[in-house]
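A single chain, nothing else alongside it, follows as C-alpha cells in the form predicted on its own.
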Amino acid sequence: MPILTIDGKTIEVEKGTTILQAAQRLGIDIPHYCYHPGLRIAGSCRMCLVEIQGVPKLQIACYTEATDGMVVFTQSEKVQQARRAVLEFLLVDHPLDCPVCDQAGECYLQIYYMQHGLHPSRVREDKLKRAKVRVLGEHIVLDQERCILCSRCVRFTEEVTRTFELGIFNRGDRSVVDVYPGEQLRNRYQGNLADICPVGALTDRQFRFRTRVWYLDQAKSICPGCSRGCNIVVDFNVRRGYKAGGRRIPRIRPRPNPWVNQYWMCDDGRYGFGWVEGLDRILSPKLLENGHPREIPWAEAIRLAGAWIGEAAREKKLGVLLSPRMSNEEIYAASYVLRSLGVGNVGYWAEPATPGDEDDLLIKADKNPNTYGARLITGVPQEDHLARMVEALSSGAVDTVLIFLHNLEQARAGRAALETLRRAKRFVFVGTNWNRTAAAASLVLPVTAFTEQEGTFTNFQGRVQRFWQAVEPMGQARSALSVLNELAASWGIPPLPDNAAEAFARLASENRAFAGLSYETLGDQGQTVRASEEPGVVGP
C-alpha cells in the first residue's frame, strides 16, 4: 500500500485512495466544492488544488491518487494563491447577498472566503442577472445567481435517484443549472439536494427563513419513518423559542452510515416528523368520564392503570398490543413486566390496511422502525395480532386491553377493532398523539416521542442503532420505560432500570440475539444482532 506525506504527516493508504481522502484521514482539511463522497468525482471546481513535490503544476486532490513516496503540500504559498484566484473567479457574478441568504452559516463560499480569500473585489462591471427564486419541485427552490456550477445536484439526480431532472444549460459565463424544459423535480429524495449544495443555490422550501442555523443544536438520531432506520441529525432550537414559529425542531437531516443509508434520506422521513410537535400531542393523562376525557394526575393514572391491568391479568382477561414503534428497551421492559404478571396474550403487529410502498434505494414497505426488534425480543411471529385481539374481545376471552402507540384506523382490522373496543370493559392507551384509538380509550397515558428520549431501534437488516434525546418531553409526557417501571412497582414486581442504557444492558444479558452489545459498542453507526439467532441477518 502506498505511503505518502501530506504537510509533514505520513500515512499509509489503500491503493486507489485520493490525496483528498488521505488528507481527511489525517485531519487535514482541503477545501473543495464539487467533490462529494457519495458521488462520482467531477474535478471541476479546482478548489482542492495542492502542490506535489516534483510535479510542476498544481494538481486536484479529489482526483489524484496517492502514490508511494508522494510528498504533498496543502498550505504552500502557491496553493493559497490558487485558492484565492478560484474564489475570486467564483465570486465575479455572485450577488454577495449573505445577510439575506438562508445558507449563511453553512455556505462554503462564505466559509472558504473567510479562511482563504479575504481579498477586496476588483470587479467594476455589472454582474450577470439570473433567476432568483425558481421553484424546482415540492421541496426545493433554486437561486441561479448563487450557483457555482459544482454539478453535485446534477450528479445526484443522475447517479442516486436516476431521475435525470437536472442539467447544466448554455455555455461559458451564461451556464446555469436548471431542470429540463417541462420538467419538475419528481423524485422522493429532493431534500438531499439542499444538503449537498455547498452554497445557497438550492435551499429547502420547508426550512428556509425559519431560523438561522447558528441558533440550532444537534442530536444524533434514527428516522422512525420505516424499517430502514436511516441515520439522521435532529436540529433543534431551545434557546430562542420565538424562532421557527415556536417549533423546537425545524428540520432533520441525514447522517452518513455506509451500512444503512449512505449519505441520504427520503423526503417522507425528512418532512414527516411534524407529529412530534403536533397540536394533537397528548400532554397529560386523561380519564374518560361520561364520554369526555378529564385530566388526572399521573399518580391517579398509574393507580387506575395498575388496578385495571392487574385485575385483568389475574383473571386471564388481558389483551396487550405492543408496538413496533417502541424502542428495544421499551419492548423489553413491557415483555418483562407482562411476563412477571403471567400475561401470555401479547402481540405487537397490526397488519396495515394498505401495503406500504418501497423502492430500490432506501424506502421500505414496513413503516415501523423496530419490527425486527419486537420480533426478536417478544419471540412472537409477525402475524396480525390486532385481528387476534378483536376475536378475543368478541368471544369474551379478553375484556381489558392495553395498546401502545397504534393508530388503528390505519390497520386492516382497524374498523372492527374500534367497534369492538367500545365494548371492552377497560381500555388503556399509551401513546404520543390523539387519534381515534386514543379517543376510544378509558384511560390515556402520554409518553415521549423519539426526539425526547434515548434508546435503540433494530432495523430490517438486524442492525441495532442508538438514538439520542434532543429536547425535553412535551407537557407531562413520560418515557414508556418510566411508566412501565411505575406500573411494575404498583404490582410489587422488582423494579426495572429507569435508564435506557441499563435497560439495554439487561436485554443484552438475557436475549442471545443482543448478546455482547452495549451502548458503547453500538457507537454512532450500530451493530447487527447475532446472525445465528435470526436466519438471513448479515453485516458487520
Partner chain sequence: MRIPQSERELTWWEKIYLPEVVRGLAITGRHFFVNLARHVLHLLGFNKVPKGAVTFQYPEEVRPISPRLRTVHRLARRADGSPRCVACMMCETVCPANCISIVGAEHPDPNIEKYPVRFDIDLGKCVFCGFCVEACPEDAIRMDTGIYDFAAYTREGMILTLETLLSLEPAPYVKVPPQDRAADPGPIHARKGTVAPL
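Small disclaimer: the values here were computed from a predicted structure and weren't measured. Numbering follows the first chain given and starts at 1.
The next section is about a form of this same protein that is not shown, the form predicted in complex with its partner chain.
Residue-level contacts in the model of the complex: of Glu391, Glu358, Asp217, Asp97, one residue has a heavy atom within 4.5 Å of its partner chain, and it is Asp97. Of the residues Arg248, Lys364, Arg426, Arg208, just one reaches its partner chain in the model of the complex with a heavy atom at 4.5 Å or closer; this is Arg208.
Lys132 belongs to the set of residues with a heavy atom inside 4.5 Å of its partner chain in the model of the complex. For Arg146, a non-hydrogen atom is located within 4.5 Å of its partner chain in the model of the complex, even though that partner is not displayed. Its partner chain in the model of the complex is not approached by Arg253, whose heavy atoms all lie more than 4.5 angstroms from it. Among residues of the shown chain, Lys317 is not one whose heavy atoms approach its partner chain to within 4.5 Å in the model of the complex.
Considering its partner chain in the model of the complex, the lone stretch of 138 to 146, 218 to 226, 415 to 423, 429 to 437 in range is 138 to 146 [heavy atom distance within 4.5 Å]. Residues of 223 to 242 that come within 4.5 Å of its partner chain in the model of the complex, judged by any heavy atom, are Arg240, Tyr242 in sequence order.
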